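Two forms of a single protein chain come next, each set out by itself as structure tokens; they are called structure 1 and structure 2.
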Structure 1
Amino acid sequence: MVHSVTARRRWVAAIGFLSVSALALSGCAQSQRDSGGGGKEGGTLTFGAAGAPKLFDPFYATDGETFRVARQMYEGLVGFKPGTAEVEPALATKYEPSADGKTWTFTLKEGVKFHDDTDFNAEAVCFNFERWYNQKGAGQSDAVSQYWLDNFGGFKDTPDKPSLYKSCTAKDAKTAVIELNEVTSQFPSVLGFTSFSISSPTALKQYDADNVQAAGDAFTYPAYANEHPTGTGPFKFGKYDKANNTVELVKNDAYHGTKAKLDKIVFKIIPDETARKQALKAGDIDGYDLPNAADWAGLKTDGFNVAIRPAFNVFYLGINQKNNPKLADLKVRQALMYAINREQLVKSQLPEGAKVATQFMPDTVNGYNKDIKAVGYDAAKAKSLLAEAGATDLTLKFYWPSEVTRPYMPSPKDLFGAISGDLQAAGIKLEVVTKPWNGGYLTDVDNGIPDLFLLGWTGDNGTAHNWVGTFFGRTDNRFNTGVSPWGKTLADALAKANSEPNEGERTKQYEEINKKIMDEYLPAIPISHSPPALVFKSDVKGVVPSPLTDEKFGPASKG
């Protein structure tokens, strides 16, 4: 099959050559893959993507498919060490905070050029920061500038919503100074997010990059985001062929670092998971993301390389204390923890490499407390705890989402099945509600309607704040921790830790918080960390699976 395709392509190329002139107007696409290339240099990598990228401007991006494409074309001031969540220099060779932790000086790499051949320098950096800070109208929307809002807060014209960012000064061509309004543990690691990649100021201006419009129930984006993404990365934008559902990136020959080995990357959009698997087996693609855990073994047997990412997520059983007063009782919450056979669940339902969660973050995050031991399964203990709390007749409204898979939750139904089985065995009655993820589940969970719910989190970076801070940093969260007196205590402690400039001290504070969360508060029950994977053909080398799904195809090679 592969052979015939190859043979055919040459033949088509000949014919296509003749017909090109005649069909110039039809916008025809020529053979997009050239399988003639061999060795480590050159070649085309075709990657099966689950969805189409929404756009190519990373700043406005919110989803993984978009980031995957963008991160091949862009770089930020800092990056993450391949395969870890640790920050390392990228476009900035060096960065230092001031003593108060509010002023950061970035020393920039020299000789870097954007894809449009303009220079990368401190001015470009500040131009980017100012662009982000100066978003207007639809650009301020949560759905558009989500990462800025989450990490930097408000914008210049939103005085009621202060921003972390204060100013950016280009001291000289290779030195940019960024001032912040307060101290946060997140900085500068947030700058490693693909969202905060540096774009070419020229291109931004030329293609009207900030012109985002809310239209009906969605947003429309300017030419920059759709057709002219211009970064500094090892690949340049090729084209987005909507008819064939492919995105094509080409090698940036003027890259400042180690140049890409591949000539081209083609992201081929195959929404159906099974279809991706079959496309891989048929040789139509060289790899794809998020293979079904059940297929890992089979894929390995077939000679494919299943690259398991370090688990960088947490799956938890959410508890909402608001509606059922019994749930405000620690004993009841602990009973739930004892009742669930997490060991069993991890073994039977989760992919290879999954672990029982002892706390709300994986061990690769700063502030992870090694001393916390997972509570073992003990149904008898659960029952006795319930009895102690006078909650033998407990009926809970248990929500679980349909029509979704998440890296931490590969099959919500199966996970629910296992958990609900355990809870019922402990004598807890369940009133089960299922709603589509995007059809009411999230809304209901946010509105505090369920008593128990299944949810999780995939980390953005290695700071503890990105985890526990997100969950419990405020009291009106999904768990309604404000109902219990400790809710406020916890939120305050988290805020304090986040603004602690000293890293060692910060880590210690987080470790303590984690211990308290598990021993004294237990606002929800962490269940597992499960690793997502990528799969490649055996001849694809050089892609390092990242806990942040921050895989760069620059070093990759084929053949």
Structure 2
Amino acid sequence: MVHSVTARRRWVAAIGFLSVSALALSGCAQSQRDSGGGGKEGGTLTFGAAGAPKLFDPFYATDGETFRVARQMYEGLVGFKPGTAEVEPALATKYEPSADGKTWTFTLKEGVKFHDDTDFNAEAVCFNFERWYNQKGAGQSDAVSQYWLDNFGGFKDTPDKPSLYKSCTAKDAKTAVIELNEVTSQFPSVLGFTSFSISSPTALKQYDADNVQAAGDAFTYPAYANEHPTGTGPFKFGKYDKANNTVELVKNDAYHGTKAKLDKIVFKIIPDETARKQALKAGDIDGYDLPNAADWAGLKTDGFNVAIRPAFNVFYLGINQKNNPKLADLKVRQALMYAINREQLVKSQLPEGAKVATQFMPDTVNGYNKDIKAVGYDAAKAKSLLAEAGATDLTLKFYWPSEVTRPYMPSPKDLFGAISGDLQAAGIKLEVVTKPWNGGYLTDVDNGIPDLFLLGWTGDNGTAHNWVGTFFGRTDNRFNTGVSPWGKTLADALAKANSEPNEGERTKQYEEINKKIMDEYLPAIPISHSPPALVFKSDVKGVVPSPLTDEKFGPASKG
């Protein structure tokens, strides 16, 4: 079995720090191992979701609640070892690069069927890659194909935006050869992202999967994305009952691997965290993500299993330079950073173990610059910088999301209250807008409507590029860094670092980039890294907490 050596090396330290947290649900994981995949068969697991899924086509997904549902139905060529961010085979049994790192040969698992009985093979793999690469019209929008744009770049008909992807060839039924235009530190781990799961070519064609249409500031998606998602995973799509806020998945009896123990998974959408806790205690749900840190001890006392994941995320205040020219002034952006009492916010609003972020990645990622110090709260300094920039009358449109809880943002309303209060104390006027997470908020952010917005990131893998490259690797990003002359300089530096084959040199380049981001560019304000938790009833076994929030329910059982 051939694996990425650099990916393994990169994660030696990370796996060590994950082990203690993963043991918080050790009963679950141990039960699965000791029984050789045993556990009670049948039954329904009802999970309390913090928000509604945007859709069910993983390629167009951008948020955690959508990915949570999709990853139960789909698989990629590679995946991540449960409880870690270590890459392991999935639909590919092995993968090997050429000497120059631009050609990757994937040997595929045989005897695999999609949920519609279509054969999984090299032709299906290449069909998916070509589908992604050949997006047209609205499909090329950042709000629609964000993960492709962030990780592979442009499309076939966008020569001004070159793509990492070059071609895919089905050498034979079980061998797919993928050619890249350049070396990247992210390959092959990027193929473990849920967005790059493999869909049935038959279903993609039958249900018009690429027919995405712009509808004002939003988009409409085809039948494939809404009603007919078709992967190879241990669960199949059942139904989405919007009236009752539930998504139902059913067991895939023809699954190629160890079959699911549960007959059914129901994701019950309960946006309010207190309501999720009450539903758990009432027995209406079997578990939920992101319990309030203040409730962790009480939940444990009441007999529930609470697993605390590592703080593999970053919460930030996004700054959009497009609409208000004053935000293109570094002094104004620095004033925003000095105005926010991040240390107090971490102590009062976030769980134990949270820390102030000095940069846009946690300290377990190679490329983190330990020499960058946190900027302390200084309201007087903020006012002085605003005066120097001629921005004492600054008014900003500030967005915050409702109907959601995220690993880095456990209570958006409270975090918004703390940050907005600090900004107003520094003399900044705010026009406040709140919208549901998947009901306009993310769309407006992607369309560059807010001046300020709350957002964050949970790492998809252990590469530095998955953090700063995702945020700033393009100039037409959520921060509109292309407005500033350094936007392209930063994007070019990130591209150079990502393609550097020597790991030591690549790490050094990312460290230097992180320092420039904080000292010279400041395209947004990193606020915190926060450890999220996951809670289940004591009779739920087999769910292994993931630092990537990549939990799979295939091994789960009840009773």
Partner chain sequence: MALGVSKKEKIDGLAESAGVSLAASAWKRLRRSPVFLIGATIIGIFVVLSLLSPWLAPQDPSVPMLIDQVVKARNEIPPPQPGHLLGGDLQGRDFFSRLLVGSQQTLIVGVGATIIGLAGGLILGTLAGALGGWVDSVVMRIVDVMLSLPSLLLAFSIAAMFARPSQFTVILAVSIVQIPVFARLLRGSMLAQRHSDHVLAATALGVKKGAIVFRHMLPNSLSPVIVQSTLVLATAIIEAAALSFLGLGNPDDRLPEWGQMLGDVQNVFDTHPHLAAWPAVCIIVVALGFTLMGETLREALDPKNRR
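Between two forms, the rigid core is defined as the largest C-alpha subset superposing within 1.5 Å. The structure presented is a predicted model; accordingly, all values stated were derived computationally and were not measured. Along the sequence of structure 1, residues get numbers from 1 upward.
Give me a 1 or a 2 for the form predicted on its own. Of the two forms shown, it is structure 2 that corresponds to the form predicted on its own, while structure 1 does not.
With a threshold of 2 Å on the C-alpha, tell me if P532 counts as moved between structures 1 and 2 once the core is superposed. After core superposition, the displacement of the P532 C-alpha between structures 1 and 2 stays below 2 Å, so no.
Is_shifted G482 between structures 1 and 2 (CA, 2 Å cut-off, rigid core): Comparing the forms between structures 1 and 2, which are aligned on their rigid core, G482 does shift its C-alpha by 2 Å or more.
Looking at the two forms, how many whole degrees does the smaller rigid part turn against the larger between structures 1 and 2? That works out to a rotation of 33 degrees.
Please report, in Å, how much the Cα atom of G439 moves between structures 1 and 2 when the rigid core is superposed. On core superposition, this C-alpha lies 13.6 Å from its counterpart.
Per-residue C-alpha deviation between structures 1 and 2 [V365; rigid core superposition; Å]: That residue's C-alpha is offset by 3.8 Å.
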